[in-house]
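Here's a solo chain for you in structure tokens, the form predicted alone.
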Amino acid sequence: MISGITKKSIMDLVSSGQRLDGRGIDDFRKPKITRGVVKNASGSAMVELGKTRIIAGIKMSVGTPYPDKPNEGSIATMAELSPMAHPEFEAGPPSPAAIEVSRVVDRVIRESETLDFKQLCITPGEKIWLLNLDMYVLDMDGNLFDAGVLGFMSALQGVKFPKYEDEKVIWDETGDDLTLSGTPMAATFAKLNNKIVVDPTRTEEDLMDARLTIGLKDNDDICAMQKGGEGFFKPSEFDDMLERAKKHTNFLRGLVK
């Protein structure tokens, strides 16, 4: 529960172009990325974004292709918001917040077409590789969307296919690299007191009128968007956020390449 004094302090600061953690309204927290944190994963990365900390893991499994896409593999994205990450999270089935995070992160990666799903085909119509993208939130202080995309794109770098022989996966032997054609990233904004801040903290998310996440390809084309909150954005505000998103996603992309 946010006290009235804290709320007033945050709103007064935002109105003057400042924020409680010392940032300006267009300052992104500097991420820290650590790759290879999960030994048994095909790829993994831990992302620290201020006090937000997540682990993104990639695990490959053999599956059956969809009937309408017999020569394409697929991805499945999951986000786990455990009680240890924040007092408001509860154990049990995925919450609406966890479902939203996983769907938005999945959409940014999938719709960017950075993955050629045909390279995930083992035997057309019979066997494909399924990439399980699992995100575990260790500490929550806002902006899981951008942290999740950054984590998975970091984890996907350098992933190799395990050897598949005689209808068996040989996990301790690797083959070809997983090929990526781009590095999509996301930038999330929150509207508070008619000011729009980038990379909101949890407190700012609790107080925001509206939120917008913009996913961009390397060429700045939009590949995904997600709006949250009951408020709205004016067309001029969207134009401003899009230009700011281009700058921020380019910054994040440079940390991964």
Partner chain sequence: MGDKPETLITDGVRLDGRKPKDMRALKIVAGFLENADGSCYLECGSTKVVAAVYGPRQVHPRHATLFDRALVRCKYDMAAFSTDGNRKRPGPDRRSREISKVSSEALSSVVFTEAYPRTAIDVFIEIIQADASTRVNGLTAASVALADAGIPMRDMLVALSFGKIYGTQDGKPAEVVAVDMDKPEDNWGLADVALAYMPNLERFVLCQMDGRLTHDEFRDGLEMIKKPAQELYKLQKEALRKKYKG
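These numbers come from a predicted model, not from an experiment. Positions refer to the first chain, counted from 1.
The protein also exists as the form predicted in complex with the partner chain; that form is not presented, and the subsequent description refers to it.
For the partner chain in the predicted bound form, the listed stretch (150-158, 122-130, 73-81, 172-180) containing residues with heavy atoms inside 4.5 Å is 73-81. Here is the short version: of 165, 111, 116, 88, the single residue with a heavy atom within 4.5 Å of the partner chain in the predicted bound form is 111.
Annotation: in the predicted bound form, residues 94, 217 and 221 each come within 4.5 Å of the partner chain through at least one heavy atom. For residue 227, a non-hydrogen atom is located within 4.5 Å of the partner chain in the predicted bound form, even though that partner is not displayed. For the chain shown alone, residue 66 is not a contact residue for the partner chain in the predicted bound form, no non-hydrogen atom being within 4.5 angstroms. Shown alone here, residue 138 lies farther than 4.5 Å from the partner chain in the predicted bound form, counting heavy atoms only.
The closest non-hydrogen atom of residue 22 lies beyond 4.5 Å of the partner chain in the predicted bound form. For the partner-free chain shown, nothing in 147-174 comes within 4.5 angstroms of the partner chain in the predicted bound form, judged by any non-hydrogen atom.
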